[in-house]
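Heads up, what comes next is one protein chain in two forms, each shown on its own as structure tokens, labelled structure 1 and structure 2.
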Structure 1
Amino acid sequence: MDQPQRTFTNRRTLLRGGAALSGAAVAVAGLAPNAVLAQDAAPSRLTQVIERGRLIVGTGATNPPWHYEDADGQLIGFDIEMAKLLARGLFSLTDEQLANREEWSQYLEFVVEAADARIPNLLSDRIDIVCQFMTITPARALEVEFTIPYYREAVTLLFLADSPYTGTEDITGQGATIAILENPTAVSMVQNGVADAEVSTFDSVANSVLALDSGRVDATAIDLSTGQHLAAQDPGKYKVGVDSWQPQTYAFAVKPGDQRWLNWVNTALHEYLAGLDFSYYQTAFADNFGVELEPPPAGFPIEYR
């Protein structure tokens, strides 16, 4: 099928033309001139990003497989790949450009931020979008607008590869000790999956995994994505439980009030998740989580089932 692509320059022209047409439509409708001026004074973030020629992304740097630094100090991870895919759509980047850091980094700027800086940085216009494994909650949705989901996280169990256990069902009732990152809901979180577990908390995910490595615990309760990443990196050492619990949804976040920008990001994400560009998402998913996704089926759109 023929899939023509507009050049970066043509996209700029199209956006400028769209703004002019919008202003003309307002004038024809008989609205006051200051209404047109207000529109012109606040172009969509989409227009701003295209005109700037660079997407500014808020993300982290210490949470594999989502966003972390490689041996050369360069950001890698699933969120970084997703940001690259947004840049691909915004600036018509080729596969060759996406594979070359020097090429794609011309169109992407990362602002490394703490989790509690995600919303302030977005609302203060320091960044264009948050790509930082941000969980959707009603409280956060009062401050930002979330895109469609791009991943569903959950809690699972990480075992040593030779463990006799495979998941919550066969470890329950065994008096097992399970490690987890210390947080206010750590004990209840573990016991929601393994009711009789003795819970041992640690100050970092790394230390909870070290407790597993040393045999001090029978399993570690961990994010599904992190468990899959560790097992994919060292399948002879770890295995992931066959089940999970307490799902939560990850999405990108944008500043409220810009429907054009939100619509574009949602459209781009949708096509990576279930459309023409699925192979890019599929590759990033396999590289970071060690899971090969099946292509979405043809016929009735799977997202409405």
Structure 2
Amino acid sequence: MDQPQRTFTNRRTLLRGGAALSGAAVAVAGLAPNAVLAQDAAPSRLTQVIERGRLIVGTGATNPPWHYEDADGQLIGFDIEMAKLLARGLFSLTDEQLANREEWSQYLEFVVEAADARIPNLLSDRIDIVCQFMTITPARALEVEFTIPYYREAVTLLFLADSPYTGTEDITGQGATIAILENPTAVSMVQNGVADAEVSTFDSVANSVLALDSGRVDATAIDLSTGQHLAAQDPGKYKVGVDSWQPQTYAFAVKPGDQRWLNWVNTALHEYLAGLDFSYYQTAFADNFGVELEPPPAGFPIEYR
């Protein structure tokens, strides 16, 4: 008795299921083109930034000469200058506007972040771009998209001025302890320069230098640019090693998947580095690193040499 009834029920369920399925199929078929359209229509961040009238940049505040605060608590440094140059391109700022903080700060907002927060802030749309001495690595490039480089950094040793050492050659073999900012490759980064070094890692550049000041370490492995900045500020206290190693590339980073925005930043950066707007990059470079760059030669584009 039960058997046919159950079959009947099952068949009905089956029919209902089939109807639901085909309904779903219709719905999917109907929705799919819309979804694609919606994706096409999603405005690039470039459009969003222009409509907002303000570029939101993630950067730091504790690492001279890259990004730090002056005695009035205002952000300055090379990354800050580069961000201003992006705003100049986006909003056609004049030189007068660029020279006046009250003027350009209407078009440029900084979100000051710890180095660890660079990628999360980008992915959660809190910022449009990272301008915070970010080293390109293939692993990071899986999470964000890097622009073209704007600086090539290297590692050097910072010594106290009265240190008997001068560079990696004479400190190797002495069993020295060397401080460095904590990072995934900190130990190998130091030992690539000083093979027998004992490595001591710190949470900030300032604390790795404090370890040198207080005599906890014999040297601090530090970015060449930062080392030069510190030694220039206080020549009686520090000296920079005679050599540097492990070059690394700094670039800006944007959220992945927005080709229009990435292309715009790359184009703008490229012209600051090697084109019409080179003098702006040159000035920022001289102001922050104390080095006067030669303009790119005319004729055959420098990129293909």
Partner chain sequence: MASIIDELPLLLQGVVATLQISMLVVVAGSIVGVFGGLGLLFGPIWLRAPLRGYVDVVRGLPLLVTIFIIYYVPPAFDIDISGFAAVVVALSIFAGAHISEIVRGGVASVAKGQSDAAKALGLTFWPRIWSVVLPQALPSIIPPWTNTAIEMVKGSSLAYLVSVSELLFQTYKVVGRTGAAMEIYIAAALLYFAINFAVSRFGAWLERRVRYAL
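Small disclaimer: the values here were computed from a predicted structure and weren't measured. Between two forms, the rigid core is defined as the largest C-alpha subset superposing within 1.5 Å. For numbering, take structure 1's sequence and count from 1.
- Here the chain appears twice, and structure 2 is the form predicted in complex with the partner chain.
- For the motion between structures 1 and 2, F133 lies in the other rigid part from L160.
- Hinge motion between structures 1 and 2 is captured by two rigid parts, the smaller swinging by 26° against the larger on C-alpha superposition.
- When the core is overlaid, the C-alpha of Q233 ends up 3.7 Å from its other position between structures 1 and 2.
- In the core-superposed comparison between structures 1 and 2, the CA atom of T172 travels 6.4 Å.
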